[in-house]
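First, one chain by itself in structure tokens, the form predicted alone.
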């Protein structure tokens, strides 16, 4: 297929490009960064430097392009978000950015649209011990500042599934980690004992970026229209356990413990690290996409990150 990829130079997009090409697909990449675009052009990828939030310029950039599919991986997240406002630009990309990319899909003749969704769309709270499937209610109304994030995730998926003439698919990715800048920053913080373990701790669902990219190619090729898929590894983990695994991979001392009350001054961080206890089932993605995570848990995946950095 000929694929337009928004966010082609981002954390996941940069791993996804070679995966798509290895699978025989042609990639037209979209990015706001001219420098990053040149690096992909040097590798033989067609690039367009454009902000997907600017509908007119986006359509102009793709004016002569024809494609079979569009993949939306555009975000504005440059590290682990700590405050609500750190997500606002990405919220906008999930609402207006998705609308613009769906118009672009129509303009290039694409019939398939794969969008990046997020596991915390199920809600920032304690979900109990049961592993949630895709049939569980997604993006319920949030309280206070959380509603902006919930609204954007509702909008992203609803637009994708409702678009006329489009086979829309949403991938509810877990917490990204891998050989990428954010994980390396966490490892560097752990080495300086600046990455504490919250007590008590929430439960989170990681996914290695290589596994996320593999699932995205599988969804492009085999995903069912109108469906969402949980893209997480096999082993949910306490957030404190994730921090400990990062420290171990970095050969760092055991992290210090941080009482959860000290995180309450930053409500988003507290919700992410303490208040949310969530387990997701990835069985639907395995069954329908023929996908299996190479790294069943973050322990295996983080060991790989450490080895890759030597």
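All of these numbers come straight from a predicted model, not from anything done at the bench. Residue numbers count along the first chain shown, from 1.
Another form, the form predicted together with a small molecule, is not on view; read the next lines as being about it.
Screening 45, 269, 50, 258 for any heavy atom within 4.5 Å of the small molecule in the predicted complex leaves a single hit, 50. Residues 78, 116 and 182 are all found to lie within 4.5 Å of the small molecule in the predicted complex, as judged by heavy atom distances. Proximity of residue 176 to the small molecule in the predicted complex: non-hydrogen atoms within 4.5 Å are present. Contact check for residue 297: no non-hydrogen atom falls within 4.5 Å of the small molecule in the predicted complex. In the predicted complex, residue 4 stays away from the small molecule, with no heavy atom inside 4.5 Å. Of the heavy atoms in residue 10, some are within 4.5 Å of the small molecule in the predicted complex. Only one of 279-287, 50-58, 243-251, 261-269 places residue heavy atoms within 4.5 angstroms of the small molecule in the predicted complex, namely 50-58.
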